[in-house]
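This document starts with one chain, in the form predicted on its own, laid out as structure tokens.
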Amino acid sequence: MSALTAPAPPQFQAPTPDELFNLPPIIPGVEWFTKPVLLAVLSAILVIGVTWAAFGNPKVVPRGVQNVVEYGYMFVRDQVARPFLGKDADRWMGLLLSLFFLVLVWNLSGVIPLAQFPVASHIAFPAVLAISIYVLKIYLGVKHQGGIGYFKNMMFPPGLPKFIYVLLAPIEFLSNMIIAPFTHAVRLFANMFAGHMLLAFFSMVGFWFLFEQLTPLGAPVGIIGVVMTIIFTAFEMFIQFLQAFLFAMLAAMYIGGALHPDH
């Protein structure tokens, strides 16, 4: 009887984080050289190349690449640097512009054909940038405010009743020294991780029910999957831009707080 029983039709399996994020090495035996590492390197090369093409030999009347990149420069200057750094904004524009464009390209790689993987969805990449800003923040704070002055200004802001400091001081220390760098990295990572999971799920739904197992009942589900993939791709591109902006903005806020404790 078992020989006459028809095999059960294959069932749809939702993608798992292990399948999507634990990628094999590109070169056998070189375990660290995976797709995210390659995309991170290519992103850095792209950002360097585009900015070099734009500002390596700038024209008085910008055209082409220079014109496009200058819009990005003005956005970072006016919306990120100046609100938090004031007169020091121009001094830090190189760092902030590089952060913004690098994170943006990292994120957009998740919707670029063939790449289709957001680099920041691996926690190591945003963590390296966040730790770098964290170290820079402490260095600038100690340099401009002194070792004692930096932590005093952080934990004991003036103008409050003394008994408040019993609760406020440890909260400020925890917030600035532990929670801030942690959330700086995790906010970017979590958004890219979740967005990649959603896009992978809906695209697999569309592919499965329209191509792998096309049936009259499954076709509408597949169409919904395709429509949701398109909608979520557009939404994800907005989130990718927003997260690049927020990452650069927080970096400017931390640097500004180290340079000017009254901020």
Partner chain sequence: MSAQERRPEEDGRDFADAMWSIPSYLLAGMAVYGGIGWLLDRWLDMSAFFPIGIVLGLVLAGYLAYRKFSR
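Please read all numbers here as calculations on a predicted model, not as lab measurements. Residue numbers count along the first chain shown, from 1.
Below, we refer to the form predicted together with the partner chain, which is not included among the displayed structures.
_in the predicted complex, the one of Leu174, Ile112, Ile148, Val135 near the partner chain [non-hydrogen atom within 4.5 angstroms]_ = Looking at the other structure, the residue within range turns out to be Leu174.
*Indicate whether the partner chain has at least one heavy atom within 4.5 Å of a heavy atom of Pro157 in the predicted complex.*
Pro157 belongs to the contact set for the partner chain.
*asked:* in the predicted complex, is there a heavy atom of the partner chain that lies within 4.5 Å of any heavy atom of Arg187, even though the partner is absent here?
replied: Yes.
*asked:* in the predicted complex, is there a heavy atom of the partner chain that lies within 4.5 Å of any heavy atom of Leu168, even though the partner is absent here?
replied: Contact check for Leu168: yes, within 4.5 Å of the partner chain in the predicted complex.
*Using the partner position in the predicted complex, report whether Gly72 sits within 4.5 Å of the partner chain, counting heavy atoms only.*
Because no heavy atom of Gly72 falls inside 4.5 Å of the partner chain in the predicted complex, the answer is no.
*Check each residue of 220 to 252 against the partner chain in the predicted complex and list those with a heavy atom within 4.5 Å, in sequence order.*
The stretch touches the partner through Leu246, Met249, Leu250.
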